[in-house]
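To begin, one chain is listed below as C-alpha coordinates, in the form predicted alone.
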Amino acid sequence: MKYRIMMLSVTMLASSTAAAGDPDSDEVARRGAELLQPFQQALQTALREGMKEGPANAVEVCRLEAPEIAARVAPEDVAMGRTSHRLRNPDNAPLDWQREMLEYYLDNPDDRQPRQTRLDETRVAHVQPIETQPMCLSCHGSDLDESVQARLDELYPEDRATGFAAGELRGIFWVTMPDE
(Lines give C-alpha, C1' and ligand atoms only; values in the text may rest on other atoms or scores of the structure.)
Protein backbone atom coordinates (compact mmCIF):
# COMPACT_ATOMS: atom_id res chain seq x y z
CA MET A 1 0.00 0.00 0.00
CA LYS A 2 2.81 2.46 0.89
CA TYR A 3 4.51 1.66 -2.42
CA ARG A 4 1.27 2.39 -4.30
CA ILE A 5 0.82 5.76 -2.58
CA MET A 6 4.47 6.63 -3.21
CA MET A 7 4.18 5.74 -6.91
CA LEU A 8 0.96 7.74 -7.23
CA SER A 9 2.69 10.74 -5.66
CA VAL A 10 5.69 10.39 -7.99
CA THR A 11 3.40 10.05 -11.02
CA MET A 12 1.40 13.14 -10.02
CA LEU A 13 4.58 15.13 -9.46
CA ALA A 14 6.04 14.05 -12.80
CA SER A 15 2.88 14.91 -14.73
CA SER A 16 2.61 18.27 -12.99
CA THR A 17 6.25 19.05 -13.77
CA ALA A 18 5.83 17.97 -17.40
CA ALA A 19 2.74 20.15 -17.78
CA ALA A 20 4.59 23.13 -16.35
CA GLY A 21 7.93 22.28 -17.95
CA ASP A 22 7.35 23.85 -21.36
CA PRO A 23 6.27 27.32 -20.17
CA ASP A 24 9.10 27.45 -17.63
CA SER A 25 11.49 28.02 -20.52
CA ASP A 26 13.80 30.98 -20.46
CA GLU A 27 12.09 32.32 -23.59
CA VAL A 28 8.64 32.52 -21.96
CA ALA A 29 10.16 34.17 -18.88
CA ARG A 30 12.04 36.66 -21.06
CA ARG A 31 8.96 37.52 -23.13
CA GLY A 32 6.77 37.85 -20.06
CA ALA A 33 9.19 40.17 -18.29
CA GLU A 34 9.65 42.20 -21.47
CA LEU A 35 5.88 42.60 -21.89
CA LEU A 36 5.30 43.59 -18.25
CA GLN A 37 8.12 46.12 -18.03
CA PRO A 38 6.33 49.05 -19.77
CA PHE A 39 3.23 48.46 -17.63
CA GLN A 40 5.24 48.41 -14.41
CA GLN A 41 7.24 51.50 -15.33
CA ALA A 42 4.25 53.54 -16.48
CA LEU A 43 2.25 52.58 -13.39
CA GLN A 44 5.11 53.50 -11.07
CA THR A 45 5.51 56.85 -12.84
CA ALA A 46 1.76 57.55 -12.60
CA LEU A 47 1.72 56.69 -8.90
CA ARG A 48 4.75 58.87 -8.16
CA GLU A 49 3.04 61.75 -9.99
CA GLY A 50 -0.19 61.07 -8.12
CA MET A 51 1.64 61.06 -4.78
CA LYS A 52 2.77 64.63 -5.44
CA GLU A 53 -0.84 65.63 -4.76
CA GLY A 54 -1.06 63.31 -1.76
CA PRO A 55 -1.74 59.64 -1.13
CA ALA A 56 -5.53 60.04 -1.38
CA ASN A 57 -4.96 61.18 -4.97
CA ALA A 58 -2.71 58.17 -5.61
CA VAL A 59 -5.66 55.89 -4.77
CA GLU A 60 -7.59 57.51 -7.60
CA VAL A 61 -4.62 57.28 -9.97
CA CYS A 62 -4.22 53.58 -9.25
CA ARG A 63 -7.94 52.94 -9.68
CA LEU A 64 -8.31 54.76 -13.00
CA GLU A 65 -4.92 54.71 -14.67
CA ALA A 66 -3.68 51.16 -13.97
CA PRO A 67 -6.27 49.45 -16.20
CA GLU A 68 -5.80 52.12 -18.90
CA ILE A 69 -2.03 51.68 -18.85
CA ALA A 70 -2.33 47.89 -19.10
CA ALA A 71 -4.69 48.18 -22.06
CA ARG A 72 -2.48 50.76 -23.77
CA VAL A 73 0.83 48.88 -23.48
CA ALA A 74 -0.44 45.33 -24.13
CA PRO A 75 0.10 44.18 -27.73
CA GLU A 76 -2.72 42.46 -29.58
CA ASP A 77 -3.52 39.01 -28.16
CA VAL A 78 -1.79 39.84 -24.85
CA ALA A 79 -3.53 40.68 -21.57
CA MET A 80 -1.93 41.96 -18.37
CA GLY A 81 -2.82 43.31 -14.99
CA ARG A 82 -2.47 42.93 -11.25
CA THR A 83 -4.20 40.83 -8.65
CA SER A 84 -3.79 40.02 -4.99
CA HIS A 85 -4.71 37.66 -2.20
CA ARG A 86 -6.03 40.72 -0.31
CA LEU A 87 -8.09 42.72 -2.76
CA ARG A 88 -8.89 46.36 -2.89
CA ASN A 89 -10.70 46.39 -6.23
CA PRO A 90 -13.03 43.42 -6.79
CA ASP A 91 -12.49 43.86 -10.55
CA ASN A 92 -8.96 42.53 -9.97
CA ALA A 93 -10.07 39.27 -8.32
CA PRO A 94 -7.68 36.45 -9.21
CA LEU A 95 -8.62 33.76 -11.68
CA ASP A 96 -7.96 30.18 -10.59
CA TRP A 97 -4.49 30.03 -12.15
CA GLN A 98 -3.58 33.39 -10.58
CA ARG A 99 -4.84 32.21 -7.19
CA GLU A 100 -2.55 29.17 -7.49
CA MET A 101 0.42 31.44 -8.17
CA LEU A 102 -0.46 33.67 -5.21
CA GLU A 103 -0.78 30.64 -2.96
CA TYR A 104 2.62 29.41 -4.12
CA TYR A 105 4.26 32.71 -3.16
CA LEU A 106 2.43 32.80 0.18
CA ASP A 107 3.50 29.22 0.93
CA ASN A 108 7.10 29.95 -0.19
CA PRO A 109 7.90 33.42 1.20
CA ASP A 110 11.60 33.14 0.34
CA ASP A 111 10.87 32.55 -3.36
CA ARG A 112 10.11 35.77 -5.18
CA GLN A 113 11.23 34.56 -8.60
CA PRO A 114 8.90 35.07 -11.59
CA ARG A 115 6.90 31.99 -12.57
CA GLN A 116 5.22 30.71 -15.71
CA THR A 117 2.34 28.36 -16.40
CA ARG A 118 0.51 26.90 -19.36
CA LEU A 119 -3.10 28.07 -19.61
CA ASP A 120 -4.14 25.88 -22.55
CA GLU A 121 -2.72 24.49 -25.78
CA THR A 122 -2.00 27.92 -27.23
CA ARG A 123 -1.47 30.32 -24.28
CA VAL A 124 0.99 30.72 -21.45
CA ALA A 125 1.19 33.10 -18.51
CA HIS A 126 4.02 34.81 -16.69
CA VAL A 127 3.75 36.35 -13.21
CA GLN A 128 6.01 38.50 -11.10
CA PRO A 129 5.45 39.08 -7.40
CA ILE A 130 4.71 42.57 -6.16
CA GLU A 131 6.60 43.28 -2.95
CA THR A 132 5.26 46.08 -0.79
CA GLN A 133 7.63 49.03 -1.09
CA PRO A 134 7.85 51.84 1.50
CA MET A 135 5.98 54.18 -0.89
CA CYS A 136 3.09 51.66 -0.99
CA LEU A 137 2.53 51.92 2.77
CA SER A 138 0.79 55.30 2.38
CA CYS A 139 -2.19 53.45 0.88
CA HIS A 140 -1.54 49.81 1.84
CA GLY A 141 0.08 50.06 5.28
CA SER A 142 -1.37 49.90 8.79
CA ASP A 143 -1.23 53.59 9.70
CA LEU A 144 -3.19 55.43 7.00
CA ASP A 145 -3.82 59.15 6.81
CA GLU A 146 -7.48 60.03 7.49
CA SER A 147 -7.92 61.37 3.94
CA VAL A 148 -6.65 58.08 2.47
CA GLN A 149 -8.91 56.01 4.71
CA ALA A 150 -11.90 58.19 3.81
CA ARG A 151 -11.16 57.78 0.07
CA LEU A 152 -10.77 54.01 0.46
CA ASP A 153 -14.03 53.79 2.41
CA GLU A 154 -15.78 55.72 -0.36
CA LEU A 155 -14.35 53.81 -3.33
CA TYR A 156 -13.76 50.36 -1.81
CA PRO A 157 -16.06 49.68 1.14
CA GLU A 158 -14.83 46.06 1.33
CA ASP A 159 -11.12 46.92 0.98
CA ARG A 160 -8.79 44.22 2.30
CA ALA A 161 -5.56 45.69 0.90
CA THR A 162 -4.27 47.48 3.99
CA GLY A 163 -2.12 46.36 6.89
CA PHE A 164 0.85 45.37 4.72
CA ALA A 165 4.47 45.81 5.84
CA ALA A 166 7.43 46.73 3.65
CA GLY A 167 8.79 43.66 1.84
CA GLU A 168 5.57 41.67 2.23
CA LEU A 169 3.90 40.06 -0.80
CA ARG A 170 1.31 42.57 -2.04
CA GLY A 171 0.16 40.58 -5.06
CA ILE A 172 1.31 39.72 -8.57
CA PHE A 173 1.70 41.33 -11.95
CA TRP A 174 0.48 38.91 -14.60
CA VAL A 175 0.59 38.63 -18.36
CA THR A 176 -1.01 36.07 -20.68
CA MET A 177 0.31 35.58 -24.20
CA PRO A 178 0.34 33.18 -27.11
CA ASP A 179 2.76 30.29 -26.76
CA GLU A 180 5.16 30.95 -29.64
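All residue numbers are counted from 1 along the displayed sequence. All values derive from a computational prediction rather than experimental measurement.
Not on display, but discussed next: the form predicted in complex with a small molecule.
The stretch in contact with the small molecule in the predicted bound form, judged by heavy atoms within 4.5 Å, is 56-64, chosen from 27-35, 56-64, 107-115, 120-128.
Taking the partner from elsewhere, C136 is found to have a heavy atom lying within 4.5 Å of the small molecule in the predicted bound form. Under a 4.5 angstroms non-hydrogen atom cutoff, the small molecule in the predicted bound form lacks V78 among its neighbouring residues. Residue contact with the small molecule in the predicted bound form: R86 places a heavy atom within 4.5 Å of it. Contact annotation: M51 falls within 4.5 Å of the small molecule in the predicted bound form, judged by heavy atom distances.
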